[in-house]
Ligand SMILES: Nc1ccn([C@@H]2O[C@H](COP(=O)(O)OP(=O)(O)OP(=O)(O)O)[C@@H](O)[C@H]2O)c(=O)n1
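A single chain comes next, written as structure tokens; it is the form predicted alone.
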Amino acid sequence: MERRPPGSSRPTEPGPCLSGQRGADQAASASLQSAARARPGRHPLAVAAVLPAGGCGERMGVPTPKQFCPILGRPLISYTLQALERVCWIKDIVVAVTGENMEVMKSIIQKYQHKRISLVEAGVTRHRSIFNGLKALAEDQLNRKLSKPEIVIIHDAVRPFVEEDILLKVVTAAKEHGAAGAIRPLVSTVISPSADGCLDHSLERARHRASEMPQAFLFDVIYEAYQQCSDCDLEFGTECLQLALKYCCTKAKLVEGSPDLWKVTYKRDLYAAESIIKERISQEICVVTDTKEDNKHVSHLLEEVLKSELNHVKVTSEALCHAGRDLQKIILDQCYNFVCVNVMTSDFQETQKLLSMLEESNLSILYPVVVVSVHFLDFKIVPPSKKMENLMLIREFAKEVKKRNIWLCGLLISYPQDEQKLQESLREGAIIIASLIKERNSGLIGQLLIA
């Protein structure tokens, strides 16, 4: 149940921004989009989504409602909205939030540039919040701004990793059966205790499933169910599929869901979600260099070492010159990790060019962008005072670009003339670069590391 206590606190203002699904994922799902958008001889399927987001997250044990808890500085609900917005055939997304959090939700929508979002006031329970969302979509509402959909998806605001394929599966099944929902195998056996606290009986785990989200319904079915259901159901119920069965005799089709459908419930789940997001946005690194021969040679060597050390990560390289059209394409394709190579120079001119391009692109609106400025220097001829000067300079750069959610790190690597020693330095540098990119630890930003 999604009851909120009186006087529950407002969420903290969202911090630095975070990220979206890769363009490659969108391209891979093009066939799924086509299937939902175009049915031969018929109009496209009208689909909307309702997200109840009025809970206080009692089990989370923090004063901020869990849907507003920050992950990498960005509110959890923003990730869920982004997952639904990526699905172009979902026309409208209705979010039910409490009156006291309405302005905060509006600021999240504006800051992270969410589209197709409408807000309604949440009820005191989960079912009442969903009902309010459905009312906003119903055709019998006066002065309504939304159009009634054929299918409505109901999803939790705190399940951020829902993918388009499972959304399409439940929508397709709901179109045929009237209702559909994602399920997962039970992890633990369910038991029933007696009144005196002893075991009464247990359920056979293999015969039962855990009900998950998303769920989808013919709009008329679920709206009628909510119109008919009792105050007891609205007050204490949580299962939408059961309402469709109880009041409309609609038996839901159950669709096997993926392990990613889990719900952020406890504080530890925030750390798990952060780890998943970091992993996803660390899967591509672009090594950037200018056209000087020494730079190109070392850049190529570093690229090869990164590929061998990080065999699960896509590593590409681009030249930072002229209009930088190829680099612009990589930025548009949403790569969030860049390594700028500088050989035998301690200035940051090339890094500044890259930072300017990233700032203009607005890439960092959703996810933090990590830039590692790598400087290969001969430590025998670079005095300690010069190293300290570099340290101070990059820290100043880092403070400035951090305001725009770009996390800048500096890395000095010894540049010996011996090729074998250079390879060793490159391997050490690759390990540090991988750590900086994957951890995305703001405490490391601006530090000058020496390999």
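Quick caveat: nothing in here was measured; it's all calculated off a predicted structure. Residue numbers run from 1 along the displayed sequence.
Keep in mind the form predicted in complex with this ligand is missing from the figure; the text below concerns it.
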{"item": "Binding-site state, shown form vs this ligand in the model of the complex, superposed, 3 or more atoms under 2.4 Å of backbone or C-beta", "value": "blocked"}
{"item": "This ligand in the model of the complex reached by all of 67, 124 and 158, non-hydrogen atom within 4.5 Å", "value": "yes"}
{"item": "Exercise: residue 55 in contact with this ligand in the model of the complex, heavy atom 4.5 Å", "value": "yes"}
{"item": "Contact label in the model of the complex: residue 263 to this ligand, heavy atom within 4.5 Å", "value": "yes"}
{"item": "Which of 105-113, 223-231, 149-157, 165-173 lines the interface with this ligand in the model of the complex (heavy atom within 4.5 Å)", "value": "149-157"}
